[in-house]
Each structure stands twice: as C-alpha cells, then as structure tokens.
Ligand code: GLN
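Take a look at this one chain, the form predicted on its own, written out in structure tokens.
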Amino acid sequence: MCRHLGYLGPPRAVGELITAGPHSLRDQSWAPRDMRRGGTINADGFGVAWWQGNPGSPDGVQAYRNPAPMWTDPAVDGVLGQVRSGAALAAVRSATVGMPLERAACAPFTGDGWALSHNGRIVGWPDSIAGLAEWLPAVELLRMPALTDSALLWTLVRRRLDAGAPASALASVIADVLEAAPESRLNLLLGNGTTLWATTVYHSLSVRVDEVSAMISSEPIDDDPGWQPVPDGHLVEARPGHLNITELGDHL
C-alpha cells in the first residue's frame, strides 16, 4: 500500500532526507509499522522528487525513480546524497496484485511543477473507475505514465489543478472515486515546492510542523513529540510555520 513523505525546510541532501531517523522512509520500505492490513513490505520500487531554482516554475521539479527496492539502490546514499533541496516528496511502493512493476509506475508523478504520490488502492480497478476515466480526453489517458490506479489519480488531479485550488482538486477527485469505488484507500500527497497537501482516506498519516520546517509522513520517522496523527477523512495543508487540518468535505 506504499508509504510516502514530504518535506519543506532548510536545504538538505535528498538522500539523507529519505534515510534519516530511526524509522526513515527507507526503513518503512522493509519494516513499516502501520500498513493497516494493506501489505507487509514496500519493495516494488521507490521515487523521490525535489525542487530547485524557482519551485513554482513548470521545470522546477526533478525526479529519480527505480522499480527496485530502495534498500538495494546505491544511488540513495551516492548520487542522491549529493543533491540538496529545501523541498522534496518521496515514496516507496507496494504494488497491488496485477499492477505493472516498472519505473514509470513508481511515484511521485511529476509535471508542471507539481509532484504527487498515492498511498492506497482503488477497489475494483479498473472496472470500478471506468466511468470516471471516460470523462477524461483520450489524449490524457494515452499520456498516463503507467496503467495503474495511482497514475489515473495523478491524471485526474492534474487536470483539476488547472481549474481550481489544490485542496479542492484533491477533495473532488477523492469524492468522485469513493462514489465509484467505495472503500478505496486514497491517501494522496501533493506538493509544488512551497506547500504540501495531503489526504487521509483509510490509511495512516502524521505531520510535524514548526517555524522552520514541515514534514508529512505515512509514519513518523522518529520519536519527536511534535508529530501528530491526522484523523481519517481529512486534508492537510502544511509549510513551515503553517498547518491547517480540515475535513475533506469542507473543500467540496
């Protein structure tokens, strides 16, 4: 069911960010603590996106993805250890049975300065969601990065980001998917280099914000008392010095 993490704050080595803490994202790839019966390990690939230069520009986000387990990739401590950024979003993947195991299927998905990760699954994929996909232009379906539920969610969110605020885009996509496929798990994590947005739908999430940094993670990476769990059915907006947790329904 995947795990993900978002960070905003003082520049850090990207490789250090995803390996820091006694329960780092890399540790969560092989020893997650709160999968809620959604798998046992997250060994079907990983990815990390980071922003440099002008975070809001379409070419401001870069990404590295690998369909192998994070703990097997020397680039995490090597190349990614040489890249520094004050904004990053990363994920480790536990692929749903039947989904392709390939680099293109690994989150985060990026484009137009945005990055998105999905922790969960759409129940009954793909039949349950076919009606919703029919509303998308054919060219957008053909440009999906992979034939997965997460890639479709990215395509739906990306289209709605063009028409409205990030919180509304996330909430409306989740409402439509739950109407078509009830009991789907839809923890989404979205970033643009300056703000993070995240949702909780049947899965775990925690957030830690102070005046200099903000971090959202499927599971706390350490024992810092500043971590707080996010209730189910909520949306988080976070950046350094700012934290807003509201019900998803408030954005519809």
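Residue numbers here begin at 1 and follow the sequence given. From a predicted model like this one, the values you see are computed outputs, not experimental measurements.
FYI, the form predicted together with the ligand isn't displayed, but the following is about it.
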At 4.5 Å between heavy atoms, is residue 94 in contact with the ligand in the predicted complex? yes
So in the predicted complex, is the ligand close enough to residue 99 to count as touching (4.5 Å, heavy atoms)? yes
May I ask you to check whether residue 108 falls inside a 4.5 Å heavy atom distance of the ligand in the predicted complex? no
Can you check 74 to 82, 157 to 165, 117 to 125, 171 to 179 and let me know which stretch has heavy atoms within 4.5 Å of the ligand in the predicted complex? 117 to 125
Hey, which residues along 145 to 182 are within 4.5 angstroms of the ligand in the predicted complex, non-hydrogen atoms only? 149, 150
